[in-house]
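Just one chain is shown here, as structure tokens, and it is the form predicted alone.
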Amino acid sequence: MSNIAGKAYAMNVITPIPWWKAIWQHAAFKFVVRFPSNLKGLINLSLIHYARWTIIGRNSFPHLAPSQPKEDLHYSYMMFESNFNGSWDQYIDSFSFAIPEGLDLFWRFNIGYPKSIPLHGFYNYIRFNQIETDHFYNAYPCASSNDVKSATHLYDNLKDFTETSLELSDEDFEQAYNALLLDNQQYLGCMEAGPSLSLKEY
């Protein structure tokens, strides 16, 4: 199924933006980088693997050969890419409620952007501009974003335990090992195929 690989869903949205407004959009990106508190809600969303906004200038599209005709574009374009766990609906809802001001800051200059609230207009805007992902490679298809974070924590803690337990007696090793299990039980679990996603109808 397009857009889905294991537990992850890939979203690609390309929206037109007037080339002269793209300059202001670059300034908005720099503002967010300097003051990342605008994205605090996004960073705290555990279902997101990755999210990126990129502006492609109307004269910036690559030409692979001299025979390729040059585009005559009236707009620049903003590309939004993201990988996340869960359904399309869950993601859009979470995004809108977590950083409504941030979404408006990113998309406000794009053609036809209705604002992130109310949700109905934002739903239609994303749905209309979304590009289907025909090829989606996922290195860990059975792992959610939280699974990856848990595995990272567990790896670091196991590495520390290995280095600090080499000289322990049997009794001390047993105590340290039991403490390790107790301290890391929230990171232990098995990764399995996720449930079928309820996708939005296009």
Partner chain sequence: MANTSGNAYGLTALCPIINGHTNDSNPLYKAAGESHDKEVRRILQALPLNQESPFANTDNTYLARLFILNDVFFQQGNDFKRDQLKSKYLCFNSNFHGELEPYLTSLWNNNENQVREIWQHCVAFESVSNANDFVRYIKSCQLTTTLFFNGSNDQPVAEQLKALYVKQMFSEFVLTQQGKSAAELKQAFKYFLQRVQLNDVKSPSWKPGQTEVAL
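Positions refer to the first chain, counted from 1. Please read these numbers as outputs of a predicted model, since none were measured by experiment. We call the rigid core the largest set of C-alpha positions that still match within 1.5 Å between the two forms.
Below, we turn to the form predicted in complex with the partner chain, even though it does not appear here.
J.: Even though the partner chain is not shown here, does G112 get within 4.5 Å of it in the predicted complex, heavy atoms only?
T.: Close contact exists here: in the predicted complex, G112 approaches the partner chain to within 4.5 Å, heavy atoms only.
J.: Consider F35 of the chain shown here, and say whether it contacts the partner chain in the predicted complex, taking contact as heavy atoms within 4.5 Å.
T.: Because no heavy atom of F35 falls inside 4.5 Å of the partner chain in the predicted complex, the answer is no.
J.: Is the gap between T54 and the partner chain in the predicted complex 4.5 Å or less for some heavy atom pair?
T.: Answer yes; at least one heavy atom of T54 falls within 4.5 Å of the partner chain in the predicted complex.
J.: Might T164 be said to contact the partner chain in the predicted complex, defining contact as any heavy atom within 4.5 Å?
T.: T164: no contact with the partner chain in the predicted complex.
J.: Given a 4.5 Å distance limit between heavy atoms, list every residue of 54-84 close to the partner chain in the predicted complex, or none if there are none.
T.: Residues within 4.5 Å: T54, I55, I56, S60, F61, P62, L64, A65, S67, Q68, P69, K70, E71, D72, L73, H74, Y75, Y77, M79, E81, S82, N83.
J.: Would you tell me if F29 moves between this form and the one not shown by 2 Å or more at its C-alpha, with the rigid core held superposed?
T.: Shift of 2 Å or more: no.
J.: Once the core is superposed between this form and the one not shown, does N184 show a C-alpha displacement of at least 2 Å?
T.: After core superposition, the C-alpha of N184 moves 2 Å or more between this form and the one not shown.
J.: Superposing on the rigid core, is the Cα displacement of S169 between this form and the one not shown 2 Å or more?
T.: It does, since the S169 C-alpha is displaced 2 Å or more between this form and the one not shown after the core fit.
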